[in-house]
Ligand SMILES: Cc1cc2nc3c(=O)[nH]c(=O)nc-3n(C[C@H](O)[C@H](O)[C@H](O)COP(=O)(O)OP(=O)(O)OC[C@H]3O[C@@H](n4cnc5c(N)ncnc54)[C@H](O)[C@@H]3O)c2cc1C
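Below sits a lone chain in structure tokens, taken as the form predicted on its own.
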């Protein structure tokens, strides 16, 4: 008698994704090459460990509930699924549609290969990873609106921090102005930690690699981490969400993005947990905006523009990333960049401002190839999924789409870095100087970029163009040229 099984993907690590009326479940941990845009994608080992451990733990949970579930390591999905099908007389699989486009394209190829083996593969819509389906988004909007408008629509639709008339709790939709502080007295944050479960132990042994910071690989652990954040860190999250510290890369961030993206937590339950917490509005709104606003918006933005996103390079930047992005980070002599890159290379983590205003800022101002930077983010961060990395890096950080997402390039001089961090006080460069040999490179790189790309600022930021008239353009271009030769 033929049977149907569910094939579980790496981003579907909780039972809400599963059709529990079925008896057979298959999880394949992909150990072979991964193709992305016709090149091999070398995912970081930490992500592979989370994939392995999360899949192993979910399968073990299904087995304990009486299901026929199997965790298989295979060079590719087809090999693992075929092994499971032949062993269990499976004639058809169901799969929840992948959220990453390159995986979706590979699953379509897989579907054809299985068909030749007389095995059907039914694809079902994902109702768990996001608040609304992309079909609903496209029905609501002919093209992605301004993010703020979408965010307000979502707040009203799901009745998050609004009153009975749909007005924002506290009278304001946005508390960003309260969330840009830097506390010089801040002490290092204590992260949530847990014991290593069986799946994590096996995964670390398989890869001979140990996670540097704790990441949940079971739903129970992710729920505990969510509670820890709400009880210990949410109270100061808003105020310091953009702050950067030399000896505390985590500040009061939740560290939940990996758990949400791998499916251990749903974005909806996280938002509701925070929305129903008794804390200052700027803390709740600042956090909820990141998930209900930016996370949700980026997914739908990517889905809408995915066919052209990888073809655009608005500023025509083509320089390779410096070697210290990949290794030997000490060769970078800018403290903010060295600190952030070392953290990413060691722990596969940095928060959003470090990504945007240190790494992204440096890459844009030094004219790095945005598509190579996109691949670098893929390969280094544990929460890196195509739908969130590509629009954030290509469209927002590097402005390679020419302004579909961002109304202006996200760039800053050393003044911003000094205002929002303690990096500058330990740096060999002087953040106050523009023209001297010890001037912070961000200063002359900033003005050199503005000078070269005036049209990108004329409409949105005319004051920047006005200030450019006060700058010795020849000198900043000279300093930029010298600096670029060192990279």
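This is a predicted model, so every value here is computed, not measured. Residue numbers count along the first chain shown, from 1.
There is another form of this protein, the form predicted in complex with the ligand, and it is not shown here; the text below is about that form.
For the options 392, 340, 129, 283, the residue carrying a heavy atom within 4.5 angstroms of the ligand in the predicted complex is 392. Scanning 298, 99, 234, 411 against the ligand in the predicted complex with a 4.5 Å heavy atom cut-off leaves one residue, 298. Contact with the ligand, judged by heavy atoms within 4.5 Å in the predicted complex, is confined among 308 to 316, 84 to 92, 355 to 363, 275 to 283 to 355 to 363.
Heavy atoms of residue 189 never reach within 4.5 Å of the ligand in the predicted complex, leaving it off the interface. For the chain shown alone, residue 181 is not a contact residue for the ligand in the predicted complex, no non-hydrogen atom being within 4.5 angstroms. With a 4.5 Å cutoff on heavy atoms, residue 383 counts as touching the ligand in the predicted complex.
Contact check for residue 290: a heavy atom falls within 4.5 Å of the ligand in the predicted complex. Taken together, 253, 260 and 388 are fully in contact with the ligand in the predicted complex: each brings a heavy atom within 4.5 Å.
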